[in-house]
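Here you get one chain, nothing else, as structure tokens; it is the form predicted on its own.
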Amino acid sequence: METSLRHQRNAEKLKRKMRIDKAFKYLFFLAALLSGSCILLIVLFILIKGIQPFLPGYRYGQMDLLQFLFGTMWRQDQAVYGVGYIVINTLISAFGALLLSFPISVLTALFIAKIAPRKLSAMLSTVVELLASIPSVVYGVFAAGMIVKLVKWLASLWGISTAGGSSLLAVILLLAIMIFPTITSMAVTAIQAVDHELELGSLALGATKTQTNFKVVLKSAKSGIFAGAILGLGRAFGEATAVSMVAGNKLFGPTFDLFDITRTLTSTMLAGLKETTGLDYDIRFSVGIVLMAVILVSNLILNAVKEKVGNHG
């Protein structure tokens, strides 16, 4: 009799747990559906607004799509809108920042995860987290007050004049600082996830600590580190406020001179958005479509490279 009652209670408990699990499953599904719907609504809104200037019957005059996509001038005062050179500028600034920040971030992550004493490691981890939480406008103010002065001083050493320090180099340095905590945090997590047995095996075979860190630990964590690079690049592509404060918003291009002013897709969307109407307002959404396409293609390429990096070695 007692055994039967115990089985009955256990069955009721199991049913209750299953009901709770089912309820949470629906709750998580609802949360995912809500977030996915928000993303879909945003994309649809930008697509609808951004396509309008290129459709027949547009009230402000139909735009030439090819001229828009491959144009080398942006003059809103003349209703000339070409984003071809702006796409190139955006790619140069984002990948330039990644090239500068990536090695420093990985070495910092290796020091935090494997070399630094525990207290110092905890302090540096906190510093990295604080850097990641700083608002972009604060980075912009810092860049406008410090980085542009540094760039102006560097330019003066070569006898080059700059627009007060606002330049492609200032944008690259700013973005490199901004993506540093993102890449570092991801790299620390990836390095700490490496099986300790691999390190012990390497040391047992006669490798030094430094050799083990570079040839075993970093090699094993390279897939996670590369994922951090992808996230960092995404932030570099999407940054607007801070970049607008040091880019200079050049009217034509592309810009290959580090000391010349530049223009990115995000700074183009942001500049004067609240003060404009008509075609000049709607075309910013068209730029948004181009930006989403650039980010999507870049992420697909980098993810493909990441898969190859993770599957070899």
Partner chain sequence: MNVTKKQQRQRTLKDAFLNGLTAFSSMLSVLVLTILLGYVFSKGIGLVNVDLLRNQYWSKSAIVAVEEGTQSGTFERPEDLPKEAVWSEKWGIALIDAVSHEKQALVLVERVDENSVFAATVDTSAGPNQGKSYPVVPGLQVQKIDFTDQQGNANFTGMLASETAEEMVHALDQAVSIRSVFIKTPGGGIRGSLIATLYLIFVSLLFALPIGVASAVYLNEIAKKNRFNGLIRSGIETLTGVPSIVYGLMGVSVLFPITAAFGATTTNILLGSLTLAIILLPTIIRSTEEALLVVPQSLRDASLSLGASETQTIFKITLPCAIPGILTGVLLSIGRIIGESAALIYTMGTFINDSPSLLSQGTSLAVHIWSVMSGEQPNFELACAISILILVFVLILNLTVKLISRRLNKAWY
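Residue numbers count along the first chain shown, from 1. Basically, rigid core = biggest C-alpha set you can superpose within 1.5 Å across the two forms. Owing to the predicted nature of the structure, the values given are computational and were not obtained by experimental measurement.
The form predicted in complex with its partner chain exists for this protein as well; it is not shown, and the discussion that follows is about that form.
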Contacting member of I104, I160, V80, L99, with respect to its partner chain in the predicted complex [4.5 Å, heavy atom]: I104
Of L270, L279, M63, L258, the one that lies within 4.5 Å of its partner chain in the predicted complex (heavy atoms): L270
Heavy atom of E12 within 4.5 Å of its partner chain in the predicted complex: no
4.5 angstroms heavy atom contact with its partner chain in the predicted complex for Y85: no
Any non-hydrogen atom of S244 within 4.5 angstroms of its partner chain in the predicted complex: yes
Non-hydrogen atom contact F68 with its partner chain in the predicted complex at 4.5 angstroms: no
Heavy atom of each of A32, F142 and A240 within 4.5 Å of its partner chain in the predicted complex: yes
Segment that reaches its partner chain in the predicted complex - one of 152 to 160, 69 to 77, 87 to 95, 204 to 212, heavy atoms within 4.5 Å: 204 to 212
Residues from 12 to 38 in contact with its partner chain (non-hydrogen atom within 4.5 Å) in the predicted complex: K17, I20, D21, F24, K25, F28, F29, A31, A32, L33, L34, S35, G36, C38
F256 C-alpha moves between the shown form and the other one by 2 Å or more, core aligned: no
Core superposition between the shown form and the other one, C-alpha change of S35 at least 2 Å: yes
